[in-house]
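The data below hold one chain only, encoded as structure tokens and taken in the form predicted on its own.
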């Protein structure tokens, strides 16, 4: 099958589809027994830099669920680690940065990313595109705001207080940090596309912490520069953040082709907020998968019904698959979306 004819890429481009395409954020890992088996005793960042493991883990959900797209197995901090930032992913915690960036001197660690820094990414993607055949591969990166928050806070944060203190109190330093991160993210995405990724997703996981006016001033220019910097490569660009219901309109302005919607805003309302000219992705609450199947089915059909308001719809969860999710529920859900 020609990749461009895949339901996923057609939906991203707002073209007619044979069925609503479906994939899941964090489908590669956490809840899959075969993933837990290959990851046993292997630290996350080691797994993310070992081509054989990347390929195997990326393919596992495609084999098991028959989803319409694979997403490259990696982590948003991989390019930062690759340029020498002293960080680690602590199980149960997340990314932890040894020397948080709190001043202009701290920016020195953020050198430009070179393809050689992430040669394992290129190697794994080239192997994957051979294995996947007609199934598209989604590459991804973390957006500057979210990466910046980890670097400033030193790890995950509930209130992003140090991040906001820099953003509001030292705007010149903030924009300098965002520019450096923007360069790294853009290059990381271009490397993935050049290696064979058919689409990309920019995760701005924590940007829901920012009100719309401040998003426009402190975040939008840097996000827009990334999406503009990918325009010549002609692959669908997806933009996703959590808690971004109030930002959906401005997320649509950032330049993506597809706006991801978390579970808090129904898709018909999201279509109204985002405006014309975009496809939508989402947005079943991942927690619903713990409920009995008849509940999952009812809620999934509601998502599909509301998704008809969008010019293109890629079915997904409103955030990542939870570790406790029964893989059989995801298999049934995939089949349901395809049949519906």
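The shown structure was predicted, so the numbers you read here are calculated from the model rather than taken from an experiment. Numbering follows the first chain given and starts at 1.
Separately, the form predicted together with a small molecule exists; it is not shown, and the next lines address it.
Discussion item. Can you work out whether residue 72 and the small molecule are in contact in the predicted bound form, taking contact to mean some heavy atom pair no more than 4.5 Å apart?
Written reply: Flag for residue 72 set to yes.
Worksheet item: in the predicted bound form, does residue 29 have a heavy atom within 4.5 Å of the small molecule?
Response: Because a heavy atom of residue 29 falls inside 4.5 Å of the small molecule in the predicted bound form, the answer is yes.
Item to complete: May I ask you to state whether residue 94 is within 4.5 Å of the small molecule in the predicted bound form, using heavy atom distances?
Response: Because a heavy atom of residue 94 falls inside 4.5 Å of the small molecule in the predicted bound form, the answer is yes.
Worksheet entry | Close approach of residue 25 to the small molecule in the predicted bound form, 4.5 Å, heavy atom | The answer is yes: residue 25 has a heavy atom within 4.5 Å of the small molecule.
Worksheet entry | The unique member of 203, 227, 218, 120 whose heavy atoms fall within 4.5 Å of the small molecule in the predicted bound form | Here the answer is residue option 203.
Fill in: One residue of 265, 83, 89, 127 in contact with the small molecule, assessed in the predicted bound form (non-hydrogen atom, 4.5 angstroms)
By the 4.5 Å criterion, the partner-contacting residue is 89.
Discussion item. Does the small molecule, in the predicted bound form, lie within 4.5 angstroms of each residue among 35, 150 and 319, using heavy atoms as the measure?
Written reply: Looking in the predicted bound form, the three residues 35, 150 and 319 all sit within 4.5 Å of the small molecule (heavy atoms).
Item to complete: Considering the small molecule in the predicted bound form, find the one stretch among 39 to 47, 275 to 283, 308 to 316, 294 to 302 with heavy atoms no farther than 4.5 Å from it.
Response: Every other range fails; the passing one is 39 to 47.
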